[in-house]
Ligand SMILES: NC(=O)c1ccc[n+]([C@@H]2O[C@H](COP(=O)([O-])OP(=O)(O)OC[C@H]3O[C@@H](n4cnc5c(N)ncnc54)[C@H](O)[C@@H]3O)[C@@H](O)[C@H]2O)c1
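Take a look at this single chain, the form predicted alone, given in structure tokens.
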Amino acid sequence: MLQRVVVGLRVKLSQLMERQPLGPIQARVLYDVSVGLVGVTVAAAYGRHFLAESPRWVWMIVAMPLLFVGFNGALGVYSRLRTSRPKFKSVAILGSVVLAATTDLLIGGPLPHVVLWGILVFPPAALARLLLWLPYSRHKHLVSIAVNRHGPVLVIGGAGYIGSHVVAQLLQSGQPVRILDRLMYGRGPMQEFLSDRDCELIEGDATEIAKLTQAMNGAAAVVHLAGLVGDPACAIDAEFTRHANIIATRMAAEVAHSSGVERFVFASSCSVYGVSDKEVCETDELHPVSLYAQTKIDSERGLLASQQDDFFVTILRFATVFGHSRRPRFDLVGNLFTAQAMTDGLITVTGPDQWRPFVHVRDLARAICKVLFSDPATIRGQIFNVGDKRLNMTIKQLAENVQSVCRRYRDVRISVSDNPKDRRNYAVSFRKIESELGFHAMTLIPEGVAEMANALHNGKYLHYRDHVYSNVAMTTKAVSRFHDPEELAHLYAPMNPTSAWLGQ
């Protein structure tokens, strides 16, 4: 154990030498050590110049900063009391000062120096915790000791359909990126990014606690895109769906806050609106008609209820996405219609009069980046519908748009039937994200469909019915792994406590 501690301290020392960002726990430890050293210096100078004390006493009070930090750790100042009220942390810090002073006196430390050291150290150590507890607007320039602001953006699910676009746009803007993904679909979507020195890939599940903590270390923001998407995939196994969509989200948020992450962006869905006869906005009542929508609602409420003043949560409710991606999908209605038109010459429409909002996958990535780079006061605790009013349309109107584009390549017919099993019907207002973040879609249905149609025409995809393009097929495989006891033990394997305390 001692060897691990020494190794951990060496790593942190190298971070300081190389000017790498420290995590919030390490920053607090460094602050307390600095306060302790200042107290030692003043106490030693006082003894030498006013009490004519011999320098042989100095070595005894040099131990004080290390004792102080050690007792802080033992009393939970850097762990379980980190989010407690200032009065509880102040009592613990006072206890550490008293214990450190008593220990030094027992090994022969001089009483005047030790008392002076305690008087000098306690106020700044306790005051720092009080300042961090103030509302963000009162201490936004001081909160840097509690959060990481200059680390990479962690994209959970960064190798996925939306995530690969988010990674690409962040790297293009010069933002370092870290990806946590279990790579169910292989490394192909990430291949072009892996040679970039600003991109780091960690292969693992979002509920694999050791990997999750490793990925969070030093991150400034988290974009949580992992989980099961779509009603059919979520209907396969309710237990697995809750694990992937609710438990994983809560774990990610807890680890992110504990690791000093400042921003947490959660990918929700406009499916939470379910059925509505009017254009719905963020404050309207929710009417989920599927397990997928309910898990998104549960995750939203959990995140917003537990957010702290130095942890900025933003909920993004995505419209129905479409368009080309490095990890293609053909189980999305816009993409499916395009593939049907180009491959079969027949678009099969069920529920033609149902309304949906649509948005191109690149525009979703743009919206996420806008949130990440916005003023925290604007986005903290907010919910935004992400889309564009111009892309609100019925399923039949979508099919007609696809037919118009794909007729450039071949004859395309539309077959229409009712779909009583799917009751979703909603048009969505996007006024909030347009007015507050200046977001609007740059790629409309014809342009996005044309891009996919051209890729299909040039043979860039396998057959659209291939299982690699379906979340349902891949979810079925994942469910069998999930119910394997050995797999569960692997996911929830405990971390080494020493490594966790050191932020490894």
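Just so it is clear, the structure is predicted and the values come from calculations on it, not from any experiment. Each residue number is its position in the shown sequence, starting from 1.
We do not show the form predicted together with this ligand, though everything after this point is about it.
message: Only one of P110, G204, P152, P288 gets a heavy atom within 4.5 Å of this ligand in the model of the complex. Which one?
response: It is G204.
message: Can you pick out, from R380, R327, K370, K211, the residue that has a heavy atom within 4.5 Å of this ligand in the model of the complex?
response: Only one listed residue qualifies here, and that residue is R327.
field: Heavy atom of each of G274, W355 and G387 within 4.5 Å of this ligand in the model of the complex
entry: Per the other structure, none of G274, W355 and G387 touch this ligand.
- prompt: Going by heavy atoms within 4.5 Å, which of 329-337, 257-265, 114-122, 275-283 lines up against this ligand in the model of the complex?
  reply: Within 4.5 Å of the partner lies stretch 329-337.
message: Taking any heavy atom pair closer than or equal to 4.5 Å as contact, tell me whether A235 reaches this ligand in the model of the complex.
response: Close contact is absent here: in the model of the complex, A235 is far from this ligand, nothing within 4.5 Å, heavy atoms only.
query: Heavy atoms within 4.5 Å of this ligand in the model of the complex: does D310 have any?
result: The answer is no: D310 has no heavy atom within 4.5 Å of this ligand.
message: So, Y185 and this ligand: in the model of the complex, are they within 4.5 Å at any heavy atom pair?
response: The answer is yes: Y185 has a heavy atom within 4.5 Å of this ligand.
- request: Mark D181 yes when one of its heavy atoms lies within 4.5 Å of a heavy atom of this ligand in the model of the complex, and no otherwise.
  value: Yes, D181 lies within 4.5 Å of this ligand in the model of the complex.
query: Within 313-346, which residues come within 4.5 Å of this ligand in the model of the complex, counting heavy atoms only?
result: If the 4.5 Å heavy-atom criterion is applied to this ligand in the model of the complex, 313-346 yields F318, A319, T320, V321, R327, R329, L332.
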